[in-house]
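Presented as structure tokens, the chain that follows is alone, the form predicted alone.
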């Protein structure tokens, strides 16, 4: 997941094909979706699809890139927000974005794991473009390290571990929600799981009662 690896937003015919691919993938899954059906859903002949995309995997990549920008924007600008607002507010916004992204991507990406060859090719595409989900960690770690230097995160806290705890909790919450149903979640009776996750994490990150005030 690298903002520099994202292609410009598709327009015109290409955008219509990406939108159609997302609809078909959500309805049928990767294994049952065909380029012919995706083209028909978009209102084009299959040959038109191959003028814009190399194959179905290229379309899957384009759908992923369509869903990423909102989260990438939050993550990319997080380090520069150190010392502004509150740590809790900044991380809660991050958690909201992560939950939205995982709800969008998890159903689409899960089919990749059922096909080892397709997964290998998809990983190669990500590596070629300098992307991948692990790229989301780096700006969050940098943000927490900056807040640590400002005294707004406890000096003994591990920014990398905290990043994985927060993003991992968001991903696990979405996985259980999709697999077992939202009624099985421990948060189903609470209005905002993102805020709950961050508040609990910060109980271990807080430097104590003398937290620095945010910059004006």
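Fair warning: this is a prediction, and the values are worked out from it, not measured in the lab. Numbering follows the first chain given and starts at 1. Note that the rigid core is defined as the largest set of C-alphas that superpose within 1.5 Å between two forms.
This protein has a second form, the form predicted together with another copy of the chain, left out of what is shown; the following refers to that one.
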Check all three, 53, 77 and 97, heavy atom within 4.5 Å of another copy of the chain in the model of the complex: no
Contact test in the model of the complex: residue 43 vs another copy of the chain, heavy atoms, 4.5 Å: no
Contact of residue 128 with another copy of the chain in the model of the complex (heavy atom, 4.5 Å): no
Contact test in the model of the complex: residue 66 vs another copy of the chain, heavy atoms, 4.5 Å: no
Contact flag, residue 156 vs another copy of the chain in the model of the complex, heavy atom cut 4.5 Å: yes
Stretch 146 to 168 - residues with a heavy atom within 4.5 Å of another copy of the chain in the model of the complex: 151, 152, 153, 154, 155, 156, 157, 158, 160, 161, 162, 164, 165, 166, 167, 168
Core-aligned C-alpha movement of residue 40 between the shown form and the other one reaching 2 Å: no
Core-superposed C-alpha of residue 129 shifting 2 Å or more between the shown form and the other one: yes
Sense of the change in Cα distance from residue 97 to residue 64 in the model of the complex - at least 3 Å versus the shown form: farther
Direction of C-alpha distance change in the model of the complex, residue 71 to residue 118 (at least 3 Å): closer
